[in-house]
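Just one chain follows, in the form predicted on its own, and it is written as structure tokens.
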Amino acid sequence: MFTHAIARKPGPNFDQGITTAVNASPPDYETLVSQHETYLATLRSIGLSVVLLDALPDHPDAYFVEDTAVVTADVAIITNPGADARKGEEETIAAVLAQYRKTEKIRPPGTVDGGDVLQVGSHFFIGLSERTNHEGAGQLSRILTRYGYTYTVVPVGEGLHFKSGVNYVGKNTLLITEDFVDNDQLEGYDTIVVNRDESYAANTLFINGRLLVPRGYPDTRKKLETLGFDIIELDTSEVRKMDGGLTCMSIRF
């Protein structure tokens, strides 16, 4: 059961963040602010106390706070983001998390983005991507092992982060994109495969017995309904334009 979340306000220059998306229309700040507020209201409605941090003008991607830390019941691991433009964001998160957890840190040359780290019970999947390197994954795995957790390191092919393509949705089930079908490192779990034209919907957030899903992906929603959880659809149009999703905008613990 999650009781807390840390989030950060998006800044007016959010559209200067890193993105590979090709957008039919430019990102809109007012729409993003409205969507972000709805997201936070949803977290509060399902029992989380939200700590909302101010925007960081020098870091337009800083509202994607998930990338700055990996938080367990025992320790908060402050990451070293893989993109140079995002280095420094983690320093502003460390002091906040120190109020709740003992903290440890990923150190250069290791890099880790929280978007590459998926916790399922006492087990962690650590994605190797353009943002999380072997050294960072090794440091993270050693820290987790000291606290009694297990881990699996999984190369990320397509997609920015591991959680762009794989997320836990309860009942021993992973929601995955077609790129992870037949991946031996995911054995032991049931899987729901997202159609390729709805791949973005794989970034679904399971929290306190609810599924927060991006709006506009009816086939994925229909598949998720078989799990029997309450489903809350949220509009993430502006976040998607900046390569973000529902898991990115908060640190839950």
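Quick caveat: nothing in here was measured; it's all calculated off a predicted structure. Don't overthink the numbering: it's just position in the shown sequence, from 1.
Although not depicted, the form predicted together with citrulline (CIR) is the subject of the following passage.
Contact here is defined as any heavy atom lying within 4.5 Å of citrulline (CIR) in the model of the complex, and by that definition not a single one of Gly11, His36 and Glu238 is a contact residue. Per the 4.5 Å heavy atom criterion, citrulline (CIR) in the model of the complex is contacted by stretch 60 to 68, the sole one of 37 to 45, 224 to 232, 60 to 68, 22 to 30. Interface residue among Ile176, Leu160, Ile106, Leu97, judged by heavy atoms within 4.5 Å of citrulline (CIR) in the model of the complex: Leu160.
Proximity of Asp243 to citrulline (CIR) in the model of the complex falls within the 4.5 Å heavy atom cutoff. Proximity of Gly115 to citrulline (CIR) in the model of the complex: non-hydrogen atoms within 4.5 Å are present.
Contacts to citrulline (CIR) in the model of the complex (heavy atom within 4.5 Å) from stretch 76 to 99: Arg86 only.
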